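Below you will find one chain, with nothing else, as structure tokens; this is the form predicted alone, and questions on how it binds or moves follow later.
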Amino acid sequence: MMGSAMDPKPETTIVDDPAALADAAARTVVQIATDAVKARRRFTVALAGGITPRTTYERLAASPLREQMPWDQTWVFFGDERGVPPDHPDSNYRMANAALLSKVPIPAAQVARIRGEAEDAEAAAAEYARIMTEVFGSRRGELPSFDLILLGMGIDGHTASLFPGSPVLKEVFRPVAAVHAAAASIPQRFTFTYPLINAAARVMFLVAGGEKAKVVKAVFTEPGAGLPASMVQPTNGRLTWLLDRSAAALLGTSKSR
């Protein structure tokens, strides 16, 4: 079943708590990766930053899932990054590397990080888009289609580094953009844009915690409210929301498992 935020019922899975969410997410990643490798001999994924994804990455780095992933046929990108060096505590790359990438046998050449430390942010964003085009073998004007893009969501409804009111929400051409997020602790950001996110075969939100319940409800019930997360609507792909009970508390009649 395909879902989108314009649809009153996107695909949702509700689990008991953040630990169960990480387990479910990690198992889903393995399944999507296995299917992608069978179909196309490789798996392309964009990772998200944040606490909830980090726990998912830790599950993927541990047995039994570690042994089930086709690491040698996996290509890793990042849906967004902060304007910091790769060893900075706020770097999404550093977090994913510590939790996952440094612990599994993925070839270093198949991990593409955004150069957050670059002096010219626009050039770094364009460079990342170019690397992506080369890996995917995209034709001119064609957007890469990821097998899976993982996303989180902030209490203001932002996802990746797509913040409310940002000019980049209206981007229609560039797949990756350098953005200035005035309200963020590190304002310089890099982010996938909607055209790239919505070209994916599968997009999966990982959202946990009662502090997210109001914004989850708003995304599901007020698609016209302009929340960045509600504008994630894959064109030909599947959209899944993986929520814990606290985050889903205001959704009422949603199915759970």
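Sequential numbering from 1, following the sequence displayed. Since the structure is predicted, the reported quantities are computational estimates derived from the model, not experimental observations.
The same protein has a further form, the form predicted together with a small molecule, not shown here; the description that follows concerns it.
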With the partner omitted here, the residue among P70, P223, G50, P195 that in the model of the complex has a heavy atom within 4.5 Å of the small molecule is G50
Is there a heavy atom of H158 lying 4.5 Å or less from a heavy atom of the small molecule in the model of the complex?
-> yes
Mark I149 yes when one of its heavy atoms lies within 4.5 Å of a heavy atom of the small molecule in the model of the complex, and no otherwise.
-> no
Heavy atoms within 4.5 Å of the small molecule in the model of the complex: does R82 have any?
-> yes
Contact between I114 and the small molecule in the model of the complex at 4.5 Å, heavy atoms?
-> no
Check R27, T74 and P107: does every one of them have a heavy atom within 4.5 Å of the small molecule in the model of the complex?
-> no
Answer range among 137-145, 150-158, 115-123, 172-180 for contact with the small molecule, defined in the model of the complex as heavy atoms within 4.5 Å | 150-158
